[in-house]
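To begin, one chain is listed below as structure tokens, in the form predicted on its own.
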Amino acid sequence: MAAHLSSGRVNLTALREAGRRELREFLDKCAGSKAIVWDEYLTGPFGLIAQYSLLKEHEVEKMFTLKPGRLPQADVRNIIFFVRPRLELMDIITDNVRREDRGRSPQRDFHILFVPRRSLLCEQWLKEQGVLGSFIHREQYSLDLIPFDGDLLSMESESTFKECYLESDQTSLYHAAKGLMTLQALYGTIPQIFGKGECARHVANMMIRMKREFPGSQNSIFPVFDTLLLLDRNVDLLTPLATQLTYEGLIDEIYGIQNTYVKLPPEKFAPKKQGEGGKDLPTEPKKLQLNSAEELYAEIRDKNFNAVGSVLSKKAKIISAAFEERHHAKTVGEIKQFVSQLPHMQAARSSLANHTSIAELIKDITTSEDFFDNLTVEQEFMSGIDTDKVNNYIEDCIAQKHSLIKILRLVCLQSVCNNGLKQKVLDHYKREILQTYGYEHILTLNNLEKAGLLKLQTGGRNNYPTIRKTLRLWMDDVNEQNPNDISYVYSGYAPLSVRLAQLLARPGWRSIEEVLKMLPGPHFEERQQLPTGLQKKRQHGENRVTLVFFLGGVTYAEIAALRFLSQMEDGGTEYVIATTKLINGTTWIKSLMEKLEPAPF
């Protein structure tokens, strides 16, 4: 089931197994039949740790979504609430418990499992509502880093960026540090820590303190990771705002990938039967899981979308030829061999059909005039053209009332590429946005300013051109089919965050000291002492393993760029990626928006 987790350089199945073990131990504490009441946000991340079959083995008979009112009927002994520590959820639980107690026999036992941490505030709230005593077990389940793929871990904490940069709440940084301590307990102490940014500094400090406070956590496991690189999202605000141009990045931009699953319009996936015309088309969205367990997807996910078509047509020819082989099978042995390969061939054919359909859906969008115009403006900004004046395309989009998120992404991109906008330009954009989309969005604009995405240019100097040239962030001669540089993931723009990782590996950050000072937050290096006998002696030709942790979110295009660096012949470094959340420009801006209802007039 989880073979794809062990396919990379670091076997992440051990992390998943640790999560499953902790879950089993908790379920076994609640003896007898059980029903789980889920905080809906947790069902996706939990699905990556444990399937329903595991819960069933431990007497979980029913599962419900947490909602106000009476709990559904279930003939079980235990009701377990799996929830994030949020006060609004405590209100719903209080309502559930109160309605339950009134007229029931035999009594059911209540338990609560906080994910990822118990909260005194929530328990105090339940106490004030008079229901805390109803819970027999009140525990926490530390779902810190969830393995998504053989080289990818995520905390799926959707509000980390907002909490850190707008609310000065560092709870999720503590969870990140705890997650890293869990990793070190399983995979050995990471000898070198590098970081850039305020949040990175906090996480490194917490890790060092935790190690000091729990000396027993020093384990005698041979270190799997050589280096940990902690990167703040606000060191590189530009990358998530741009439209990703890899296959996986575009699927996420257009349809949104949630916990490795994507929901797609069903029309393209209807089985084509002769003579039936268009009747009985499915109406339910087509749900597909996307990870490297699927051979074809692993091959095309990180390619620039323009290079995907040729791979799919090559694959189609190979599969057709393989099926033709059946006509040449004469002897019993040959027929037997063909039959044994059949399941694999059928799976490959169905996978090809799915990805051909997805590619068609994406192509309909990427060949549209609007997509092209939007991309042209983005690329002009990133290469430094006309970033200091009001942009005609943005004005036209506002006049035609295009989606507000699209407008905000473009305006923020222009601001970041110009190191802030002139007062006149900034005021003009704000006025246009508020008059067109409503004055309730003034709080969202305020949030974007606080986060540094939209700002006034002060001091009159724009550092971006210097940063762009020194780090080679813009490449004119990009090769999308057979790339030789990470800039292929945005067809010209090399993600700043990944360039920092690349330069850290070779020749080292000392070579870019001046540029690092221009980027926000401190940069630092820490060494963690290894117990004697565990120092790594690298074999000739053996690659280093670096864990890159993005605090505040990472995009699929950045992941693709790091995978590209891992596969480079002379790279010498393999990357594993960890993050607080998998994001794209839309979900990122959305997380910073204030949901204010316009006043009813």
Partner chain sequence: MSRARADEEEYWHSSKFRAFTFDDEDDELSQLKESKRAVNSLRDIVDDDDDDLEKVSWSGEPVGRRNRLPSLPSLSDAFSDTGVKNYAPELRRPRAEYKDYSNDWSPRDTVRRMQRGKVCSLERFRSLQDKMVLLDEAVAGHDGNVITAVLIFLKRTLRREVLFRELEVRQVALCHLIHFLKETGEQKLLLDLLRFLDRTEEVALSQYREHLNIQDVEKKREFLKGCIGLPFSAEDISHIQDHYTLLERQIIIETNDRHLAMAGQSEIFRKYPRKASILNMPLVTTLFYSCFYHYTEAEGTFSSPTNLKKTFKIPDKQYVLTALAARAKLRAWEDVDALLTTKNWLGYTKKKAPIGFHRVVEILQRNNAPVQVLQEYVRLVEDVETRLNLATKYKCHDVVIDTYRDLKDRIQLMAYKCKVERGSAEEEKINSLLSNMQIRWKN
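Residue numbers count along the first chain shown, from 1. All values reported here derive from a predicted model rather than from experimental measurement.
Beyond the structure shown, there is the form predicted together with the partner chain, which is absent from this document and is the topic of what follows.
Think of it this way: in the predicted complex, the partner chain has a heavy atom of just one of Val339, Met345, Ile442, Leu312 within 4.5 Å, and the residue is Ile442. The listed set Met206, Ala293, Leu153, Val425 contains one residue whose heavy atoms approach the partner chain in the predicted complex to within 4.5 Å, identified as Met206. Taking the partner from elsewhere, Leu132 is found to have a heavy atom lying within 4.5 Å of the partner chain in the predicted complex.
Contact annotation for Leu120: at least one heavy atom lies within 4.5 Å of the partner chain in the predicted complex.
Contact check for Phe372: every heavy atom lies farther than 4.5 Å from the partner chain in the predicted complex. The closest heavy atom approach of Arg77 to the partner chain in the predicted complex falls within 4.5 Å. Segments offered: 475-483, 137-145, 285-293, 256-264. Contacting the partner chain in the predicted complex at heavy atom distances within 4.5 Å is 137-145. Residues of 5-23 placing a heavy atom within 4.5 Å of the partner chain in the predicted complex: none.
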